Structures are given as structure tokens and as C-alpha cells.
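Taken one at a time, structure 1 and structure 2 that follow are two forms of one protein chain, written as C-alpha cells.
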Structure 1
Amino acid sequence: MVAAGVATLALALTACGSDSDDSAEGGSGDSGGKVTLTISTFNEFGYDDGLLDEYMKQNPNITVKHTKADTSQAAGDALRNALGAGSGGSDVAAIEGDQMPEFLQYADKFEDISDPSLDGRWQDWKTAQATDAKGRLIGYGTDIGPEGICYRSDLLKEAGLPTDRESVAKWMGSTWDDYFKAGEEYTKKTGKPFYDSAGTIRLGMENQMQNAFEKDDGTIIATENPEVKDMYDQLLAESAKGLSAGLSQWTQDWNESFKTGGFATTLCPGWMLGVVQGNAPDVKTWDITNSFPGGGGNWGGSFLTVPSYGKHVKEAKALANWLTAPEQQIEAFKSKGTFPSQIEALKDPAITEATNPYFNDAPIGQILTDRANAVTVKPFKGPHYQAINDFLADALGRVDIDKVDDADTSWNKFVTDVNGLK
């Protein structure tokens, strides 16, 4: 469980030192002046299609070895273990945005990357996510996650429903109630699920709440917040109507469903475009709307960090800096659809005029820019966010996926879990 992981990390960091005294000099553990750097990411960052090779070409004394975890949770677990031990992790480690509040509690275990040359590279809110109370910036921003809705036009066509992206957007409507109403129509006509899981849809709804789980001062309110309970009840009511496929994200069954038609729609931040295409490369009917229930929403976005235990922190910072410069983030977007957080990148025609052949030549640059501009709520995510978020996902999953509890029983377990954090 995440809460246990956080506690373990806190104990380990108290008991163990790091190698920062040695690494501050950017040590020379490799022979002959050669330096080997390790970078760990997850899902799709767009770095495995030439960018790292290009960096090594430009820096012939550097060898970069890339490890890609299947999930952000797995990557976070590995980083926690390395921080606790004070060694053994990657020189450059990616952190998913929702996990950043947890790791900011241990900002002194990362390199402070504050530098005048980086001023204005990212949106202020992106930089703020990786800045601790003492003003230390520990993360180079990579992408952000403005969301549309990805859908299978062939599945909608079989149901006699709209298929072009403008008509689909109108049919799905502007609110979550509209989206569920559209899903009920699809499921009634086909007997098939409309989306992958209640837990996935929860993320879209939750990220439109200013204070879902905690007040700005960190006080936990998750179990008393009527917005959270109403969302929970509505999602499980829709699951009972057959709208959810009951598929846990990142599992093999979930991956396969993108090509087998296991669901008709899914929430689609920019980084999800590469996931969809990667899971269903031969399916020609995925598309994306320039719309999102409830207005705008941001799901995800990540950072590259340089833990201070490394032996080559100077070189690691240079690599992370280069990878998150506008030019490289534009290339990552072209490769995997990860939407840049860099201000200059968002002005580049490579972004603003971008289309995606796989998604029926959708103007994804304009769509994702419009979706980013539609975001009006910047949800507060405090140090307990990740643990509570996982508890809520578990609560929904026990009913929607595992089918081992009814809604009330699972909610009561959620309350118990959250109370354990207080």
C-alpha cells in the first residue's frame, strides 16, 4: 500500500545517509573519462525513438542506459527504495505529477535545479508542482495532460451513433451527466461497455475538484467531502448499468481491449495517444474529440529529477535539462504525443499545426492546446494525495473490477483506510 511505502521511506531516510557528498563533484566512476548515466521513466516519454541516441552522439563521453517501468507506481516504488537506501537508483528518475507532493517532503534528497537559465521555461503552475516550501526546485517538467475523449468510431457506427469528432463531441455533451447519458445509450444499444473502468473516469472527475481530499493546509477531508461521495456513488451506479468494462489500467486485458473493442471510449490526455496506438497499432478507427466532460481537465504530466545519491549529478542534470528543453519535448510529442509543458514549445508550429495520422488525421496540436486552455481548476494535491487516491481506486475496484464488495461496504473500508492517515 502507498501509505506503508511512505512510512517506510520516512524511516529509511532517517536511518540512512546518501552519497551526496561524493556525487556533488560529479564523480568519475567510469574509466577513461567515460560516464554511464541511467535514466528511469515509465509508460511513454518519447525518449526511446532517437533522442537518447542523439544525446550520446552530441556527448560521445556519455553512455545513457534507459529503463522504462510499466507504470508510474512501479517507478515510484523503485525511487522510494533507492532514496531509502541512499544508493542503487537511476541518475535521472522520472516522477509522475501526482506523486510529486510525496517526494517533495524529501526535497533535500534531490538536486536543487533552480537556475536563472530555466526561468520561464515552464508554466508557473508546472514549476510550482515541483517546488518545495523552501523554494527548492527538484523537477524538470516534461509533459502535461490536457484531456479529450478517445473513441472507436467503428463501434459507434455499429450502434448507429455519430462517428465524426465534432458530432461525437456534441453527442457526448458538456457535462459528466451528458457523458454518462451517452454511455447509457451506447450500452443499451450494443450490450457492450462504454469505457474501461470506474476508476479511470474517476480521475477525470476528481481532477476537476479544487480540494477533493485535503484542504490547502493539508487537513484531510476526503471522507466528509460530498463531491467525493457523490462521484463514488454515481460511478458505481453507472457500472451497475454496464457502462464499465471493469478493466484495471495497465493490465494485459486492458491493453488488449484497445484492439479487441473491449470499450468504446477512454479519457485521453496527450500521453495516452501513444498508449492507444501502441496497444492497437493495426486498428484504424480510433479518434479524439476536442471536448471533455465538465470543461477542461488535466491528467498527469511528469518530471525528471536528479537524486543526490548519484555519482554523476552534474552530468545527470545536463541530460535532464537537455531532454526537457523545448526542442527535445517537441520531438517527444512527435514520437508519442506527450504534450509539452514548455512555453516556447507550445508556440511552435510543430505543436500548433500537428496532426496525427493514426487518429484519423486529428489536429491534435490544436485539440490539446484548446483542452489545456480549458483547464480552470488547479486541484490541490497535498502529501496525502497519493495514498488517498489509491485508497479510492481500491474502493471502486472492489466493486467495479473485483466484484467482492457492494458499494456501501467498500466505501466503509475506504473511510477506515483514510482515517488511518489522520
Structure 2
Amino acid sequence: MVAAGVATLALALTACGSDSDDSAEGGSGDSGGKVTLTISTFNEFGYDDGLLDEYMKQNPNITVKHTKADTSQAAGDALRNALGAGSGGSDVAAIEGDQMPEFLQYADKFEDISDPSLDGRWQDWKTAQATDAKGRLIGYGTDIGPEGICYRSDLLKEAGLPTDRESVAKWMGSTWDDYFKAGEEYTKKTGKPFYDSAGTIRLGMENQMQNAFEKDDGTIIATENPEVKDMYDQLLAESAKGLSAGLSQWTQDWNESFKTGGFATTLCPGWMLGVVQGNAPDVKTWDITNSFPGGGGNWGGSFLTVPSYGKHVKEAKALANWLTAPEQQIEAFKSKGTFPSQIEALKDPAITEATNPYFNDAPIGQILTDRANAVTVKPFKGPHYQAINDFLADALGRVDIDKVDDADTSWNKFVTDVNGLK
């Protein structure tokens, strides 16, 4: 089978290219056997520092063209259009983890990539995210977003609180209640906010719920789920106590606050480390704990998919397979810090022994590996996840950030919004 041959190529990474080239030629029937593949990603996947060139060198009959969207949202819009039209999209299309549930509705429009050779490549929950009800696997996992807590040691020091990683982790405790209690202590002592916004903390809490918004059959329960309402009430109660800085993520004010000390802590998935450093390059006191309230948590991480409209799905699968093999993902981590979702890669010294000088030489590889292993819940996100997620972010924002509604009015608007969904 071609797929098996291709998998061998991907795993062995040696010059066995000729076999698989022949089969690819036979499969596509293209003149001269030359195949041009397009791959679309967003933000930074770490493929530009030689990985794609390397692939083309190993497979002389393949030319890879890479297009990058600036946001995962834009990439999702483009893919949705291409799927609707049945053409015009990339052969390999990247999808952000939280958008995956929506695209799983259209799983039939993607190639099923499940293959015995891929068993055990990724952590179970990563694979589960890209598997539909019929058991079709449509995405090759790239990276994941295991979370620790980023904190500014100088701000904690001023408040007379612990500053080194271990003591801070202990002080913040193991549950969200503990974390909020620590925050109340900080805010009482300093009069300053503890974290950036209720919306950010919400993402951490919600990603630990099995069925936050939808039941496994897709029925919407967001407005009746007591877990969601309790979380909403608790977050806004803490905002009222002054724990939240009321800063919307990715805004100019939020970016600035990493420098100016607008808040002392925030949630930090692997890919956030670069964001923190980029926003406050001269601050030397950001650090990261090897702990997370309520157990492990994952925020973000992506997949490569092969839409069925492509003319060269076999070759496209081979490329996506190769790029998401542990060896290549380690290179991507070295290039752009995207933390691998591959079990093998997580054991590699290049990952486990990695440190980050900006974060006070934190053993970042070890921390993120531990954080990834601590993830126990595989949150179910159904087709309406993205829409409900936006509505809830707005609901919290109206009270926490914009202060235009009280908690109850805003919740009622949220209920109306959700009920309007089909």
C-alpha cells in the first residue's frame, strides 16, 4: 500500500525516496511525475526554516508552495470557502484546535488519515480532537498548548509574597479556588489586579470541563449547565473584588501591560511564551510555574488536514505525515517554539532539556512536558463551540472589560444569543 510505504519514508527519513516517488507517479498520473503541492498555515508553524526545503530535496518530483494567513480565523474562513466551493483551496490545510469541532461536521470532505503506522504517535486527547463520531481521523496533530502560570516575580516580591517557581506554585495551590484566594491576597496587599481579564481565566477553567457547552450528541446545554453559570458568577465576583485588570487579550493596552505591570499573572500555554517576551523584551522578571489550577489544561494547538477536493491527496497526505512526524516537529519547536503533540518528541532531549533564558532560565521543556502529561480531561467541543465561545467572551467582556452591563443583564443577553443558534 502506498500509505504504508509513505509512512515508512516518513519514519525512516532516509533515502528510500525513489520507491515512494514511483508509486506517487503511478497514483497521480501527472505528466512527467511532477507534482506541486500547496500548504496553508497561519501564525508560525516553524516550517520555513528549512523543513519544506528538506522535503523537496528528498522528493525531487514534489514542489511545495506555502501560504501563511495572519490569523487562524482567516485561515478557517478561507478553508470554509474552499470546502463550500469544492475547489480552490490548499492541498494541505492547517486548522486551529478550537475550530476543529466545526470542521468535524464536514469530516466527509476531508481524507481519513487513520493508519496503523500512526497509532501512538500523538497523545490520545489530541487524536480524539480530530476524530469524528464514525471514527474517521482527519487531522495530523502539530503542536499543543499545555499551560502553566506566567507571573512577574518583582510584583509578587513587592507584595511580600513568594517569588521562586516552587513556592509560587505552592502559594497558588492546586484548585481555582486556591488561585483566586491567592489573587485576593495579592490584590488586598497591593490594590492592583492579579490577572489580565476574566475572559482569559475562563478559557483555562472551561478547557477542563468535559461538556461545557454541548452534550456529546451536539445538544446545546451552555445556558443550563450549572458548571458554566457557576464559573461565570465566580469570575465576575472576583472581578468585582478587583482581581481582573479588565484588559481584552491582544489589544494594545493588554500588550503594554506586560511591560508596565498591569497584572501579575496570566495563563501561559507554550505558544504564549513568545508573546510575553515579545511584549516585554526588557522586563527580566517574568517567570513560569510548573503548575496549573484544577489539574492540567490545554489551550490551542493545531492540525494539518488533507481536504478531499485536492487533486493530489496521496502526495498531500505524505507531506502532512512527514511534517507531523516527531523528528520534524522537534525542528519546528527549535525554530518557533511550537510545543510538539507527539509522544516520541516529548521524550527527546531536545525537548526535555530545553531551557528559556528569558523566563529566568526556566526548564521550559520539562515544565511543558509535565503540563502536557497532567492533561486528563478531553473537553468535548461540538459544531457550535466557536459561536458560543464568542458569545460567552462577549458576555464576560460586557461586565469585566467594558462595564456596560451588570452580570445578570449580560447573562440574559448571552442566553438570547445562544438560543438564536440553530
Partner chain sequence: MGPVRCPHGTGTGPVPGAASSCDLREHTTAMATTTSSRTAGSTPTPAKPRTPRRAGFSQRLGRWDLKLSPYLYISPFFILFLVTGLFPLFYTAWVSFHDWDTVMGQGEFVGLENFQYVLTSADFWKAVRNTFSIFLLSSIPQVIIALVIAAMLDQNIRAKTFWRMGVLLPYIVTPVAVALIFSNLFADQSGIINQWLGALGFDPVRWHAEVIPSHLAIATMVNFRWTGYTTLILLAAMQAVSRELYEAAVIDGAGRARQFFSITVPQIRPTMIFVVITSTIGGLQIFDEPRLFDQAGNGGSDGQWQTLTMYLYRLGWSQSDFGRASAVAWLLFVIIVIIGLINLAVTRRIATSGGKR
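Just so we're clear, the structure is a prediction, and the values are computed from it rather than from any experiment. Quick note, the numbers are simply positions in structure 1, starting from 1. Here, rigid core means the biggest group of C-alpha atoms that superpose within 1.5 Å across both forms.
- Note that the form predicted together with its partner chain is the one shown as structure 2, not structure 1.
- Of the two rigid parts of this chain, the smaller turns against the larger by 21 degrees between structures 1 and 2, per C-alpha superposition.
- After superposition on the rigid core, the Cα atom of residue 87 is displaced by 8.1 Å between structures 1 and 2.
- Structural comparison between structures 1 and 2 after rigid-core fitting shows the C-alpha of residue 342 displaced 2.9 Å.
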